[in-house]
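Presented as structure tokens, the chain that follows is alone, the form predicted on its own.
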Amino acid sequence: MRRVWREPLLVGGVAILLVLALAGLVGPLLVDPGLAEIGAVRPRRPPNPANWLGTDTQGRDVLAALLLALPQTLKIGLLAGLLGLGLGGLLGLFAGYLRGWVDAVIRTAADVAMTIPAIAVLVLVATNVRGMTVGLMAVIVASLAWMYPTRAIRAQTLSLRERPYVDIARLNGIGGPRLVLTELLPNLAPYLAASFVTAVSSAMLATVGLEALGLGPQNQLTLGMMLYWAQYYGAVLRGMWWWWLPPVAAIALIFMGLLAVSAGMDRLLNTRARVEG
């Protein structure tokens, strides 16, 4: 923990993400969520004492919409990252530990899936899904996010299983699932944590991209859907900066926090980077 506090990037990134998550959780208690409903307020008003971030063309209070959209976007990113990394980590662990035909099948499946343009598949699936929800959006994004964790964790597992302490554990009669749980997983945990941050970043990028195209949950507020409706009603051309700028700033802060956490964890876990720094 002392080393963690010595990494300003990691501490700063976690602080940014915690503040955003707290804003999403506490915000609805401070601002009436009903103001985010269509027609709740007078439309097309710039920021004023009654509406701090103004209102949009649909008659929504932008601040109320932002505070409701923020946790939904974080939820999609976390769910998609967790599902993608969970599936990829499990497959990579099996491939690296069991090797043989299991490794060949999993490795070939991952290599083939990586050649398919993910964004094209995501757009195709999203356009043919009726009743898109936040949870379904996360599953769709995660379905094409397992290949990279699979390859990376397979390589790490192949390296770890040849270490001397694994041989000693085998000589002591430890094998099978017990060996994986007691020897491999604890040593993979730091790498899995760093991979989770990367997976969440990739999932959120894909999610915001799909939502900006109008392929997100139409009946739920997310940051990407706020950008879509702002673009749909020509907020930029009409000079309604207060409509599109807050979600852009929130998305930028999220990615800044994730990038800082990723860089901080790399310095924390990578001895060479820490020495060079």
Partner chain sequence: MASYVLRRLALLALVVFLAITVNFLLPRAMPGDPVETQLAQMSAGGGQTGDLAATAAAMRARMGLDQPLWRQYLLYLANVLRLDLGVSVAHYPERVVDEIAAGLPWTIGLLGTATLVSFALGTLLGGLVAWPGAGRLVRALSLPLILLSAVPYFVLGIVLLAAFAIAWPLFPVGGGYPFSYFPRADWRTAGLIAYHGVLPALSVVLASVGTWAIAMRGMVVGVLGEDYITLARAKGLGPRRIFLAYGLRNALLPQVTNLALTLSHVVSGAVLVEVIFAYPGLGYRLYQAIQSKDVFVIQGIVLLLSVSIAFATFLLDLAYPLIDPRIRAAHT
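Numbering follows the first chain given and starts at 1. Rigid core here is just the name for the largest C-alpha set that superposes within 1.5 Å across the two forms. Note that the structure is predicted; figures quoted are calculated from it, not measured.
Not on display, but discussed next: the form predicted in complex with its partner chain.
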property	result
Touches its partner chain in the predicted bound form: W242 (any heavy atom, 4.5 Å)	no
Its partner chain contact at L259 in the predicted bound form, heavy atom, 4.5 Å	yes
Contact label in the predicted bound form: R151 to its partner chain, heavy atom within 4.5 Å	yes
G209, heavy atom within 4.5 angstroms of its partner chain in the predicted bound form	yes
Heavy atom distance at most 4.5 Å to its partner chain in the predicted bound form, all of L205, Q231 and L237	yes
Contacting member of L171, A189, L181, M114, with respect to its partner chain in the predicted bound form [4.5 Å, heavy atom]	M114
Which of 64 to 72, 221 to 229, 37 to 45, 22 to 30 sits within 4.5 Å of its partner chain in the predicted bound form, heavy atom basis	221 to 229
Contacts with its partner chain in the predicted bound form, stretch 245 to 261 (heavy atom within 4.5 Å)	V248, I251, A252, F255, M256, L259
Flag for K75, CA shift 2 Å or larger between the shown form and the other one after aligning core	no
R161 C-alpha moves between the shown form and the other one by 2 Å or more, core aligned	no
